[in-house]
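Here we start with a single chain on its own, the form predicted alone, put down as structure tokens.
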């Protein structure tokens, strides 16, 4: 089973805590021992926002700000690599080809951002499509996809499952509301739809929630199910 796991920066490193990083590394190693081929994509989180805010105050343009954010995601990726064992590619993958080569030779590949204008949400979806992953998992700070931003709308309802087309519609509506944030961005949702990629969005603040989601499909988040896709055999009893 080939899986791409997107670990949000606010999940992996809301602050510098080695034990939290070790917890996520332990989950990745467990999945690898159980036979999964793994690509991990790491976000920037609050540290990236702090650097970007300071650089904006200094007059940096948007491309420069994106490049700073990419640098931070790659530092976070290095933290995860440091916590992983000998199965990990020791280099942060800077493009999909490098990551794909590492995964196909049996290494765990870790990457951050790739290019200005593209979030790590989209990077994870593109990597999953590039390596023909069986499953894409977003470990976020909210437990699934909601009809609105649950942090700002108390009436937001959670979807237990949805199609990728429905995901695109919901995320588009959320992103139109100023100040709201979605668990994945619109480009990622469109890539998931294009690739017909089975996807799980879950609360990854406790990394132990990721293992049963990947190995058995057991979670309390949201399943994004490809239209017309076959039921996955890797969860067969």
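Because the structure is a prediction, the values reported are computed rather than measured. Numbering follows the first chain given and starts at 1.
Same protein, other form: the form predicted together with a small molecule, not shown, and the subject of what follows.
### Task
Determine which one of 142 to 150, 87 to 95, 111 to 119, 162 to 170 lies within 4.5 Å of the small molecule in the predicted bound form, judging by heavy atom distances; exactly one does.
That would be stretch 111 to 119.
### Task
Work out which of 210, 191, 52, 38 lies within 4.5 Å of the small molecule in the predicted bound form, going by heavy atoms.
Checking each option against the small molecule in the predicted bound form, the one that comes within 4.5 Å is 52.
### Task
Answer with one of 66, 175, 29, 203: the residue that has a non-hydrogen atom within 4.5 Å of the small molecule in the predicted bound form.
Residue within 4.5 Å of the partner: 66.
### Query
Candidate spot 3, 100 and 125, all three in 4.5 Å heavy atom range of the small molecule in the predicted bound form?
Heavy-atom distance to the small molecule in the predicted bound form: none of the three under 4.5 Å.
### Query
Taking the shortest heavy atom distance, is residue 70 within 4.5 Å of the small molecule in the predicted bound form?
Yes - in the predicted bound form, heavy atoms of residue 70 and the small molecule come within 4.5 Å of each other.
### Query
residue 221 near the small molecule in the predicted bound form, any heavy atom under 4.5 Å?
Looking in the predicted bound form, residue contacts with the small molecule do not include residue 221, since no heavy atom lies within 4.5 Å.
### Task
Report whether the minimum heavy atom distance between residue 197 and the small molecule in the predicted bound form is within 4.5 Å.
The answer is no: residue 197 has no heavy atom within 4.5 Å of the small molecule.
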